[in-house]
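Have a look below at one chain only, the form predicted alone, in structure tokens format.
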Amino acid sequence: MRELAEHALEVARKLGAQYADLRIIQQEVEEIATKNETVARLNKSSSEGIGIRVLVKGGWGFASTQELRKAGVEKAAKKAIEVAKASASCLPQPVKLAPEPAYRCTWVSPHLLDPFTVSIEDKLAILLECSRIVRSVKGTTLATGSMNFIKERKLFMSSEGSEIEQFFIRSSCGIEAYASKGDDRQRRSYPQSAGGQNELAGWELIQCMDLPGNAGRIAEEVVALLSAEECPEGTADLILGSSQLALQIHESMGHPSELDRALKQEINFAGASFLTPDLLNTLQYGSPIVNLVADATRPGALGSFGFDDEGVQAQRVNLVKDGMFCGYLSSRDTASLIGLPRSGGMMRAESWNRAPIIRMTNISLVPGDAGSLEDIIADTEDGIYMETNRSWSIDQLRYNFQFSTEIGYQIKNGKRAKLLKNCSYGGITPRFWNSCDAVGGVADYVDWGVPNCGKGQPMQTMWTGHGASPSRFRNVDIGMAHRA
């Protein structure tokens, strides 16, 4: 493969590329899902291909192929050159790349046990046992479960001399319990909604999550929600559990801090951003205890890697420091546009046949000193605790938002009181984060994985991570999801 990659780079150079890079990716995927006590999905697939990116006269070009022979990569390189020349002819200014050293190394994601060595029968046995446990609880109407595994080998090479090989294993698992009565339909998920937990890990993730050990609990909770009181409407102090806060971070910090959105270079699918460059180092994004980072170096977190897809080494970048907006998710070309000395290393592509674009890594809220979830509850006189996302909506600038959760509890005199259903909250992004007055500590901190972040046209999905501890926000609008 290295000889083929070197040939592709040489062809690109001879055809006029001032810079060229490529990725050869081999990927194996396994998807398993159950519905009640039956198998709903069982897919195994693999793919292999090369993507070639070139810079000619200041314009980008990209092409890809699965024909992994000299003739195939030559054809792809020529196509990328043609695209680059066409794009250069209509750019207001030529692309310039922030400097980055050349690397020659190998990186392997942390894992203990390759999930592809575990039999399909063993995997299905766990999911079907969860379904049996859920269905044994009177009042439940549906049980679902899933496991997904990806094994990936990626070779990156560039005309600047980088040669980087990376090996990834990504695993995920989750279960859901449903109950309905009349027009009321409730859902409880574990470990979180939208497919459960996702990590850069092997089979040990499934062992750690103990799906059967939590199936009965979520089944009992979903039945109890049918007779729970509705979330009140008004203003309240709000405590968010870590998985719900992870999605809040994703939508109201992750996407708006993407520099291509802020520069209006990329507004497809998920819109632009209110975090325009004039706000950098001037906007009080949150209260002084709010610190948000993009950290691609966290072991096991889904958005981690050794190097991004233009050969930039993984980093930890401050986005919000002591409440002040101070950083972006950047690439080599966008970093150059706003005067950054180096790319933040956030360029990634969904597969070999997609050009890399700026993507989230692990966008996380740094743990604070408010202790555990129970400590925060004990410190709250009157409020509402919400956990596990059910739905969300946010405007095209990532400014106005509304979320609903699967479950909530009224907090009275520092204790959990009534169970609440159909909980929702909303707000304006900077106002919401400025209302944060308690950030939980490391004891309840979790690196949650989001494997399906969508961006661009053609749309690419990406694996991202969001670390969070339970946190409290004062005087938040709640209950708007069920207004007449």
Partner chain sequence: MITRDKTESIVEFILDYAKGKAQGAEVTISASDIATSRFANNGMTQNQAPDHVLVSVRLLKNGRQARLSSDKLTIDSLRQLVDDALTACKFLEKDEGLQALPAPPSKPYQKLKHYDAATAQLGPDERSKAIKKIVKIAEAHGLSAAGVISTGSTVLTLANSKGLLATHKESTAECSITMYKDASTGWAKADFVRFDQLDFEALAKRAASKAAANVNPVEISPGRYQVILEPSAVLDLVGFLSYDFTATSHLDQLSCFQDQMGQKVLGDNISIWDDVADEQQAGTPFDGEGIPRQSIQLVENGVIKNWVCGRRSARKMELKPTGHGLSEPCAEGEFPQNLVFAGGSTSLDEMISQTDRAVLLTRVWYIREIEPKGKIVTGMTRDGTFLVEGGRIVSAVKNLRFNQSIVDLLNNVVKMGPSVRTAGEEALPAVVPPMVVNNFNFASTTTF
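Since this is a predicted model, take the numbers as computed values, not measurements. Residue numbers count along the first chain shown, from 1.
There is another form of the same protein, the form predicted in complex with its partner chain; it is not shown, and what comes next is about it.
- Judged by heavy atoms within 4.5 Å of its partner chain in the predicted complex, the contact stretch among the candidates 319-327, 290-298, 82-90, 165-173 is 82-90.
- Proximity to its partner chain in the predicted complex, defined as a heavy atom within 4.5 Å, holds among Glu266, Glu100, Glu221, Glu310 only for Glu266.
- Checked against its partner chain in the predicted complex, the candidates Arg217, Arg153, Arg185, Arg342 yield a single residue with a heavy atom inside 4.5 Å, and that residue is Arg185.
- In the predicted complex, none of the heavy atoms of Ala378 sits within 4.5 Å of a heavy atom of its partner chain.
- Taking the partner from the other structure, its partner chain in the predicted complex has no heavy atom within 4.5 Å of any heavy atom of Leu4.
- In the predicted complex, Pro451 stays away from its partner chain, with no heavy atom inside 4.5 Å.
- Using a 4.5 angstroms limit between non-hydrogen atoms, Pro356 touches its partner chain in the predicted complex.
- Residues of 52-74 that come within 4.5 Å of its partner chain in the predicted complex, judged by any heavy atom, are Trp60, Gly61, Phe62, Ala63, Ser64, Gln66 in sequence order.
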